[in-house]
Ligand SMILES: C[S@@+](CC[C@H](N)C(=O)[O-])C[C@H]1O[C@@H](n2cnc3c(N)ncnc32)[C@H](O)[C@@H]1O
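Below you'll find only one chain, the form predicted on its own, shown as C-alpha cells.
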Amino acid sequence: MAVTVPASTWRALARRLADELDDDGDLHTPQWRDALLAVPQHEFVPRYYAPEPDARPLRWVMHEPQGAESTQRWLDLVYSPTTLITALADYVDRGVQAPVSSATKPDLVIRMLEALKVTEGMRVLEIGTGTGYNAALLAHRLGSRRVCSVDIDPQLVSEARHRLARLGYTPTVVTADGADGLAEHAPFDRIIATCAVFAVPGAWIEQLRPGGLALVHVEGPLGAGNLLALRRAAAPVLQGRFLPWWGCFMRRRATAGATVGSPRPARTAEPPVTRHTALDPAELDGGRHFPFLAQLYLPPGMFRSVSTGDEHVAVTQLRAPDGSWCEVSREPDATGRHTVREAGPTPLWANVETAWRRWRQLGAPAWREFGLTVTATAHQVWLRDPHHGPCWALPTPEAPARP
C-alpha cells in the first residue's frame, strides 16, 4: 500500500536524524548533510521485514504502513540509526527464508560516504544497489551521470531504478554480477561496495583509476572482517588500512534468487580426541578484532556455527573442507577451562590457540592497525606497516592459508 508522506513530515524527521548523526560524531560534511535532508529515505523503504518473535524455524513478517499508527512506526524506524531488512529469498534446503537486501543503518551509510572522500567531478561505482538509497545520495552529491550502480538481482534493480527516477535521479543502474564491475563505464575515481567479499575482484583493481579509492568489506574464512579504504597505486595494486570502526554487510551474491549460505563441509568419521583449552570460544564471536586474525591461521572454506553438541551443551563448531572439525564447549568447567572435541588432519582449535597467543603477543591490535595489500593474485594482511610489520596471507577460496 502506497502512503503519501507530507514533505514537512519527512523533512522534519530527516533533520532530526541528521542532527543525531552530527551529535554522535557520525556526520561531519555539510554536503552529505544536505544530501540527507534532500533525499526522502522512506521512498526507498516502502516495507521491511522483521523476524517473528520466538518462531522456530525462523519466520519473517512483512511490515508496511497501513494506518496512522503503523505509518508513524515505519517512519520512526526509517529515519533512525536502524538497519531494516527489505528483501528475502528462500534458503536452499532449510525450509526458511534469508535476508538478501537491507536498508543499511544511516549512521553507517554516512560514515562510509565520508570515508569515500569524494569531490566534485569524480565518477563512482557502487557494488550492491539494494534499495537505491545510497545511489540517490551519491547522485545528489555528484550528479546522476557520475554515478553507476550494479546489483545481481533484476527485481531490486528495477525497483531501485523506478524509485530513483521518480525523485529525479538517473544514475546508471545495471543488473550484473558486481564482481565484474562495469567495464564499459570505467575508469572510476571511487568504488564503494555494500556487500562483503572474500577477496577483492581483479576487475575492481583494473577499473579503479590510479590514485582512486575503493571502500570494501573484506572477510576471511570465518566471516570475520571489516571495511577497508584501499588506494590504487600507478600499478594495479590496492593498499590501505581497515577503518577504525566496525561495519558489517551481507555477503556478495553471485546469482539472484534462492541463497545457499555458507557451505557445511562433511566431518571426518574418525573418532575425536577430547582435551581442554583455556581459550573461550566466545572470542570468535561477532565483530571483535581477534577473529579476523584467527582465521588467517585456518584453511579457506571454513564453516563456523554455534549449536548444541553431542553432550547437549552449547558449542562453537568449526569444520574444514578436508573433514577436520572441532567442537568447543561454550560453558567453562569448574577450573575455567573449556572442553574440546576434535578430529581430522588439521588441528583447527590448536591453530586458533596459536593465533590467540600471537594476537596477545602483538598487543591485542585493533582494526585500524591492520591493513591489506591486494594484487590480482594475492591478498596480504599486514600489521602497522606494510613493508616491515608482521604479515599473513588472507585465505581465500583461491589461495591456501600460510600462517
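Residues carry their position along the shown sequence, with the first being 1. Keep in mind it's a predicted model, so treat the numbers as computed, not measured.
Note that the form predicted together with this ligand isn't included here; everything after this is about it.
J.: Looking at heavy atoms inside 4.5 Å, which stretch does this ligand contact in the predicted complex, given the options 277 to 285, 192 to 200, 238 to 246, 210 to 218?
T.: Stretch 192 to 200 is the one.
J.: Which residue, Val315, Leu298, Leu164, Ile152, is the contact with this ligand in the predicted complex, using a 4.5 Å heavy atom cutoff?
T.: Looking at Val315, Leu298, Leu164, Ile152 one by one, just Ile152 meets the 4.5 Å heavy-atom criterion.
J.: Arg253, Arg267, His289, Arg146: which sits within 4.5 Å of this ligand in the predicted complex by any heavy atom?
T.: By the 4.5 Å criterion, the partner-contacting residue is Arg253.
J.: Taking the shortest heavy atom distance, is Val273 within 4.5 Å of this ligand in the predicted complex?
T.: Output for Val273 is no: heavy atoms all beyond 4.5 Å of this ligand.
J.: Contact between Ile127 and this ligand in the predicted complex at 4.5 Å, heavy atoms?
T.: Yes, contact at 4.5 Å.
J.: When the contact criterion is heavy atoms within 4.5 Å, does Asp107 count as touching this ligand in the predicted complex?
T.: It does not: once this ligand is placed as it appears in the predicted complex, Asp107 has no heavy atom within 4.5 Å of it.
J.: Using 4.5 Å between non-hydrogen atoms, is Ala139 touching this ligand in the predicted complex?
T.: Although this ligand is absent here, Ala139 would stay clear of it in the predicted complex, with no heavy atoms inside 4.5 Å.
J.: So which bits of 334 to 368 sit within 4.5 Å of this ligand in the predicted complex, heavy atoms only?
T.: Sequence-ordered list is empty.
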